[in-house]
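This document starts with one chain, in the form predicted on its own, laid out as structure tokens.
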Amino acid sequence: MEAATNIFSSSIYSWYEKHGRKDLPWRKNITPYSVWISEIMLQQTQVKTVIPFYERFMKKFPDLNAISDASEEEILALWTGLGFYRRAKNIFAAKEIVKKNFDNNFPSTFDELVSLPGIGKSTAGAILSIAYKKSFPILDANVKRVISRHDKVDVSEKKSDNKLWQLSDLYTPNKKIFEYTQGIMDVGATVCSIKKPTCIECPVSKTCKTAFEEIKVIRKSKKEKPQREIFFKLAHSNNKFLLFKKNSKSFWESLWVPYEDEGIKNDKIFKKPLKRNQQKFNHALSHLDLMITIEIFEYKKPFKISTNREHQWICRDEIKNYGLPKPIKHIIDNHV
């Protein structure tokens, strides 16, 4: 068995040395901090989507010292458009813990890492193996696919994750751990794809129990996502927009949005505008489909309102400093 596991791991890291995606921005100037940021961004998000966000984030906050005094608002602003904003809030919470409990030095043990918000077992393993070159297994979606096919593990079974973790641990080598970890992620992403794996290019096809078999993609019956109607009122005066911080524990928490009136037509919070127009559009979240109606009100100058909601008149050229949902930012960016 030991010989078989050695063949698997050596095949993976040898493949990475020849074919790995070494040009990815988070594979240059590697630090525990940069691996952490990239791994959090890559959760549930494709590489091509993450690249510009990662580069912009690292330009603003290249290391722990740079992000040490950053506000949650600044982090959310750089996250606008990337989605799953809880990840940005976890980065803020984690860096605060690192500053307070670890003297602003990034943790280097498994138990310390998984104690931080947003870091699970696989993310901790990635940080330890890539940044610290310590032998720890990982099991992200790509790695899970490679190992489950290689060993013919039925991922639909309840305890399949336990089996896959055992195998991942077994295959994780003590040497060239950096190349192995990057390599198995790349094999899953570029060779052992979901629908059409290119087994002829796979470094472990000779030992894979399902190599060259026809892949049967089990199409899960799509559950209809619940729908929700949202009614917004966006007041603007010249280049200033009135936005409210969403503090409810729901989607877009802590982001800035127009006034949400829930369709109450007799809401008198705004004065009579000079002009008004309306836009309607749909926006899909991972768990919810939003049907958004936004009324845009134009005023000669900003006005005061009576409300206990946190709000600000924000200049257009300062919008980039605030965390906004992607569709709201799009409306503002494209509104004359």
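Computed from a predicted model, the values in this text were never measured in an experiment. Each residue number is its position in the shown sequence, starting from 1.
One more form of this protein should be noted, the form predicted in complex with the DNA, which is absent from this view; the next part is about it.
- Across the proposed site, 31, 65 and 106 without exception lack any heavy atom within 4.5 Å of the DNA in the predicted complex.
- With the partner removed from view, the residue among 116, 177, 128, 243 that has a non-hydrogen atom within 4.5 Å of the DNA in the predicted complex turns out to be 116.
- Proximity to the DNA in the predicted complex, taken as a non-hydrogen atom within 4.5 angstroms, holds for one residue of 145, 236, 134, 233, which is 145.
- With a 4.5 Å cutoff on heavy atoms, residue 26 counts as touching the DNA in the predicted complex.
- Using a 4.5 angstroms limit between non-hydrogen atoms, residue 140 touches the DNA in the predicted complex.
- Residue 82 belongs to the set of residues with a heavy atom inside 4.5 Å of the DNA in the predicted complex.
- In the predicted complex, no heavy atom of residue 323 sits within 4.5 Å of the DNA.
- Only one segment in the set 95-103, 169-177, 249-257, 204-212 has any non-hydrogen atom within 4.5 angstroms of the DNA in the predicted complex, and it is 249-257.
- Applying a 4.5 Å heavy atom cutoff to the DNA in the predicted complex picks out 158, 159 from 153-172, in order along the sequence.
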